[in-house]
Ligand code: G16
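Only one chain is given next, in structure tokens, and it is the form predicted alone.
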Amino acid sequence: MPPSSLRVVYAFAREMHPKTSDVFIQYGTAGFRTKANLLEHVVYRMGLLAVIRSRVKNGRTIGMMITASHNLEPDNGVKLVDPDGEMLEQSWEEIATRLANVSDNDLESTTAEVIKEVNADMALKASVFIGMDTRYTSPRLAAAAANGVIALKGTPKEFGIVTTPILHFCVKCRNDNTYGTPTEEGYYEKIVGAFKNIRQKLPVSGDYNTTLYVDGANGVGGKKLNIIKKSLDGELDLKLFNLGGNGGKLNLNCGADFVKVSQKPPVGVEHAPFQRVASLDGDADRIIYYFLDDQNVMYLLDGDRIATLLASYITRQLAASGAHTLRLGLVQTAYANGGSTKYITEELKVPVSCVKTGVKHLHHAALAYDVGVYFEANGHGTVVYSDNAKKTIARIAREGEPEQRAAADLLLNFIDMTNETVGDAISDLFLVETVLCARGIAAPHWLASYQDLPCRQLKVTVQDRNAISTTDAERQCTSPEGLQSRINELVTTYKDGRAFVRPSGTEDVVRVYAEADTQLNADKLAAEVAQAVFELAGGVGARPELPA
């Protein structure tokens, strides 16, 4: 691209999307995420970067999603999606951060440096898909993204309001037409169509009932399920709550993150004893199940529970189909409950990998298996299948013995029901409901498969979250000096004690996680570790308090 073109890019940015703040913004676990009023220049520049990335990938389509996921409504964010529907390649995160934070005066030269650094052929066509969530600030930011794409002569396609996983799906389909049709309707056709196909082969039995309550977090997921429910033909009766009406605020006292962290039911949802409820997050890439008993005590069925449920079902189907050569593995993070890890390794006999927090890390580790199941405890996860696994299962469905063919055929539908590109609350909901139906069980039976250790998560506000460094999949803290030894001392004072700290990838806080033999002890351990973080890592604001 000639220098004169870049001068136009710079002039347009200064005029239409100027950098008005000196706040440093970093591309984190899920892209850029902060207060929406700080993001317009960032999103414009990510439009530029998406075009450059598309050209580096020989004109393949790149995605841009405008969302702050489970954050509250004043926040927003942007993340880039690579051609296979995966997160942006990690080596480009530093480039994104650099481009987002340079001054307007340096934008022209920095853009030119990036183009040269990555050896982008700016004569190639470039394609960028843009989606957004339901935040009131999203349309303005989506427009800035499109302007950035156009400024470098790329072609934007705006999908309007979609879930984050739908955008990932469409990017994958655009670059791989064997995966599906790159439209919202194509997503429904594949995911929902596979669910309906498989449910027609699985009669409802045992304690399973077809009614499911759903907390939509006042976000996009509930709106899309409201469309989907009309086509389910009675296979699943969705009772939807928190769809954004009646003054409900996005993710406020509702949604998967609220339910998981607070361990409380969301507001705005009706409850019946032992009725299972699925709680989505704001952009529908996370899902948490729970139920209340007849004493209104809540029982959580989180990402660990979903992972073990799916892994156990797929393991049985692989055995029934005779696909003994395929290797299934499960990927977790340090947030996975110790009870789930013990159950997976000792009862299911499934290998487990532990990786850093962030779905990109889990996704890549899962690709090492023929069938990789990965979930964060927060409910973000999916299943990925190798080409070898898909070909093997398809061959058995054609050529195996009758019982093997039946099992393989169910697996093929299960694969089609899965959004392999990223964690997807809607796809995962249908996967969970399929397994519960196949096993004929209700939520209490699902819960009884293993015993969770009581746990607690806390946040500590510090001057600089990057003062915390970790290793061993974030289970050990390497700085500041003395913090890990203090955590080790605290852990030894509690039966079944385990704790770790890590800098958040999405907020300016340090996250604390603790487990112990009782809820009181888990709460105390978490509070004591939080105090240690406050003292040794530069805490600001109110000091963490021990529970009474």
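From a predicted model like this one, the values you see are computed outputs, not experimental measurements. Numbering starts at 1 and runs along the sequence shown.
Note that the form predicted in complex with this ligand isn't included here; everything after this is about it.
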Exercise. Does this ligand come within 4.5 Å of any heavy atom of Thr357 in the predicted complex?
Worked result: yes
Exercise. Though only this chain appears here, would Arg502 touch this ligand in the predicted complex if you measure heavy atom gaps against 4.5 Å?
Worked result: yes
Exercise. Would Asp428 count as touching this ligand in the predicted complex under a 4.5 Å heavy atom rule?
Worked result: no
Exercise. With the cut-off set at 4.5 Å between non-hydrogen atoms, does Arg33 touch this ligand in the predicted complex?
Worked result: yes
Problem set entry | Partner-proximal stretch of 92-100, 397-405, 208-216, 67-75 relative to this ligand in the predicted complex, 4.5 angstroms, heavy atom | 67-75
Problem set entry | Contact residue in the predicted complex, from Arg456, Lys260, Arg276, Lys79 (heavy atom within 4.5 Å of this ligand) | Lys79
Exercise. So which of Gln332, Asn419, Asn242, Asn378 gets a non-hydrogen atom within 4.5 Å of this ligand in the predicted complex?
Worked result: Asn378
